[in-house]
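In structure tokens, the next block holds one chain alone, the form predicted alone.
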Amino acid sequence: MNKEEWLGRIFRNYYMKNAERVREPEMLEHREFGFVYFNRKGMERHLSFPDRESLIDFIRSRYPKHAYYSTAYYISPGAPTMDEKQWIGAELVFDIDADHIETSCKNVHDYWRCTKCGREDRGPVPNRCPNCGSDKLNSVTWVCHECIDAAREECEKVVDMLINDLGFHQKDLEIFFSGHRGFHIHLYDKRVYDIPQEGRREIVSYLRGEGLDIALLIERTLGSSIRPLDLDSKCWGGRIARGMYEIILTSTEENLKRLGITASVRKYILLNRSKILENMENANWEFLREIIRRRGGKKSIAKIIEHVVNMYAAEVDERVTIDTRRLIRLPGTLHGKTGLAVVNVDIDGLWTFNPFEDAIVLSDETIEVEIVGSIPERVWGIKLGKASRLKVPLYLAIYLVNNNVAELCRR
């Protein structure tokens, strides 16, 4: 039995007993579905189902490796071409993936190898081998608590801006763990369903803090009774003001120097810290004029603001959000690489959710595997050790085997 057959049997057994856990999307009959299967390349898509029973029966009989549905609504979702489907509208979806977030843990547990020259190294996979220039690189990536926490932080930023800046309601938002290294945020508000790609791109740009005119922001703060920068205001003006306050409150000579702040401005901030903070608390931003008068003052303010924007900007996958015909993972199904379930995460419980407990739905029966590649000392909270053969729970064996670092031991 090869790896795909073994995995297929496990998934089939799971779905035969637990297919009722699959959650169908609203307006099911207007959605397109797509599936990836074991021992078969590519995706079967342009499928539709008239009701939940038909969908569940299909999943039980085909036990897919990956299951997806469209964020879009169609008149004829099962039609073979997009034109024939007749697009009605689409949910607004945000994909947050630790793969796209810089984390120190990647330098510890991820590694890659060039198949041409044999060069290998730890850390994120480069586009090309730095030794020979080949793009033929194999990689092994892992998901850990640090990865998930980094994705959690981005989730929190998106939810905050959607509710407090853009005026959407929490009741119309849902978060799902993707089954791997991140989260999907769905916005079910009929006002967004017909927003075209460019409009969705603008929303992503806002979440990322792109296109902020820093010079204009400073100019209007100093020259208008309506100040964009205000500790109590919402949106980016308030966010930037609070970030500047935090930097000035906690800054040291070394920290300011690292930000690229000139010596003259550093000296002014550190000598007048208490007065500056008091002024900010009273919505008095005249101290900016004092900074601007100093050498490199404008550039120093801009660097502080740029740092704050980078701090608060949300890292979302633009391609997913702007795609009005996107397929997204179906809640309640299994992720074919990890075996973890795609599960709903309560917004207020985002930081108590533990995927290595709450998304594990497969058996914990003991399986013996042979280690054939480099593995971290601890995976999903389980200490693995350095033995060439390990006995691990079935759900972890699936992850190790799928990551090509372990093989099933022949009995």
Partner chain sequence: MYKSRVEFNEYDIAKYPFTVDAIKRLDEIGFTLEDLESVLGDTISERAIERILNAIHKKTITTDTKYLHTDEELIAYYVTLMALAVLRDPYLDRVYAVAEAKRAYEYLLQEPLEKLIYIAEKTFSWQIRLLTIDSTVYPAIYFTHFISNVPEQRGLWKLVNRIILNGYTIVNKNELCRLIESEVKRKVLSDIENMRNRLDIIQTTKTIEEIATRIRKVWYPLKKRAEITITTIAGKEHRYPPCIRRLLKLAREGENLSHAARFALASFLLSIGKSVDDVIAIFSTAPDFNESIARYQVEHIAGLRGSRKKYLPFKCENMRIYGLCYPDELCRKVKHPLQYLRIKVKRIE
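Because the structure is predicted, anything quoted here is derived from the model rather than measured. Positions refer to the first chain, counted from 1.
Although not depicted, the form predicted in complex with its partner chain is the subject of the following passage.
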Checklist entry - So in the predicted complex, does any heavy atom of D149 sit within 4.5 Å of its partner chain? => result no
Checklist entry - Within a 4.5 Å heavy atom cut-off, is L216 in contact with its partner chain in the predicted complex? => result yes
Checklist entry - Would P130 count as a contact of its partner chain in the predicted complex, using a 4.5 angstroms cut-off between non-hydrogen atoms? => result no
Checklist entry - At the 4.5 Å heavy atom threshold, is M244 in contact with its partner chain in the predicted complex? => result no
Next on the checklist: Looking at heavy atoms inside 4.5 Å, which stretch does its partner chain contact in the predicted complex, given the options 202-210, 328-336, 266-274, 70-78?
Outcome noted: 202-210
Checklist entry - Can all three of F168, P228 and E318 be found with a heavy atom no more than 4.5 Å from its partner chain in the predicted complex? => result yes
Checklist outcome for this item: Assert contact residue (its partner chain, in the predicted complex, non-hydrogen atom within 4.5 Å, options L259, C117, I195, I88) equals I195
Checklist entry - Considering its partner chain in the predicted complex, which of C235, M311, A302, M82 comes within 4.5 Å of it through any heavy atom? => result C235
Checklist entry - What residues, if any, in 95-115 have a non-hydrogen atom within 4.5 angstroms of its partner chain in the predicted complex? => result H100
